[in-house]
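Here we start with a single chain on its own, the form predicted on its own, put down as structure tokens.
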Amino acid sequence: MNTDSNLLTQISAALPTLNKSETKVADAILRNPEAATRSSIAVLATDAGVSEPSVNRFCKRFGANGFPDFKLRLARSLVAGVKYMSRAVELDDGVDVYPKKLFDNTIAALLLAKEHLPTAALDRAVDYLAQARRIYFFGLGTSAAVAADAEHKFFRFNVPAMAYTDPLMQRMLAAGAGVGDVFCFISHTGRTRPIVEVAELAKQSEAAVMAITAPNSPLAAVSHCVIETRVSEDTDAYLPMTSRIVQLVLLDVLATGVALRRGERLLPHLARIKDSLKATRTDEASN
């Protein structure tokens, strides 16, 4: 194991090859790496649901002499990488290195999200969306682009679906909402004050409030339905990358769930939308 590269990147990239106990330890660390740097081996073992020797073996797998050495390297990883860009890469990485690191980092984040899919929350969210009279997707910053992608998917279901990224418009729409309206808030941290305030307004209006966000966040606390995202990405220090991809895939899951819930009666409507694009395509033989 290369001890010079970022430890968190190593753990993320190794996820597909880890055994059951190792995966539990990796998940516990990736969920909250900062807490892991302050934990005792006993606390981390309990959090992961494994024995202390299993934690020690995990540390040695990644080139550490023991748990204290592992924590030191983990702490260094938290401040490593290219500041304001990605923790997964270093300034001297060449084109033969950094693309693979970013792909590995994203794949690992998706695998971790898959392992912790909140199926009950997803099913409840599909219920809200399938029965909605109007759907609003709200996000700010990078999450605004994710909200726009959600609008592009959900307008196909023959229900008004709109994305709004202006905080003032979000507030007015939330204040004027009512029963049958569904608001989906997208925020990796769940700590963006304007989004939390708008969610509170929407909840007061008797609309359904759902969120794709971090567990135990202020946004989660004011939502009726929370789809928790466990992505080890500090977006206060680095550019949002893996968190955005996980959000997009979760919206794909929700869109698919709504389509399946609507059943075959939705297919003619989807076919008309798809057929409307045929006139915009060039003939394949002419390319």
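Heads up, when I say rigid core I mean the largest set of C-alphas that superpose within 1.5 Å between the two forms. One rule holds for the numbers: they count along the sequence shown, beginning at 1. For clarity, every value in this text was computed on a predicted model and none was experimentally measured.
Another form exists, predicted together with the DNA; not displayed. Remarks below refer to it.
Q: May I ask you to state whether Gln10 is within 4.5 Å of the DNA in the predicted bound form, using heavy atom distances?
A: Gln10 lies outside the contact set for the DNA.
Q: Using the partner position in the predicted bound form, report whether Asp252 sits within 4.5 Å of the DNA, counting heavy atoms only.
A: Judged by the heavy-atom cut-off of 4.5 Å, Asp252 is well away from the DNA in the predicted bound form.
Q: Although the DNA is absent from this view, report whether Glu34 comes within 4.5 Å of it in the predicted bound form, heavy atoms only.
A: Looking in the predicted bound form, residue contacts with the DNA do not include Glu34, since no heavy atom lies within 4.5 Å.
Q: Although the DNA is absent from this view, report whether Arg230 comes within 4.5 Å of it in the predicted bound form, heavy atoms only.
A: Output for Arg230 is no: heavy atoms all beyond 4.5 Å of the DNA.
Q: Counting only heavy atoms and a 4.5 Å cutoff, which of 48 to 56, 243 to 251, 220 to 228, 26 to 34 contacts the DNA in the predicted bound form?
A: Partner-contacting stretch among the options: 48 to 56.
Q: Name the single residue among Lys153, Lys71, Lys101, Arg171 that comes within 4.5 Å of the DNA in the predicted bound form, judging by heavy atoms.
A: Contact residue from the list: Lys71.
Q: By the 2 angstroms cut-off, has the C-alpha of Leu72 moved between this form and the one not shown once the rigid core is superposed?
A: Result for Leu72: yes, a 2 Å-plus shift.
Q: Once everything's superposed on the core, is Ala221 shifted 2 Å or more at the Cα between this form and the one not shown?
A: It does not, since the Ala221 C-alpha is displaced less than 2 Å between this form and the one not shown after the core fit.
Q: So that I can tell if Val249 moves, could you say whether its C-alpha shifts by at least 2 Å between this form and the one not shown after the core superposition?
A: Stays below the 2 Å threshold, so no.
Q: Once you account for a change of 3 Å or more, let me know if Ser39 and Ala113 sit closer or farther in the predicted bound form, using their C-alpha atoms.
A: Pair moves farther apart in the predicted bound form.
Q: Specify closer or farther for Asp69 and Glu115: how their Cα atoms are spaced in the predicted bound form versus the shown form, given a shift of 3 angstroms or more.
A: Compared with the shown chain, Asp69-Glu115 is closer in the predicted bound form.
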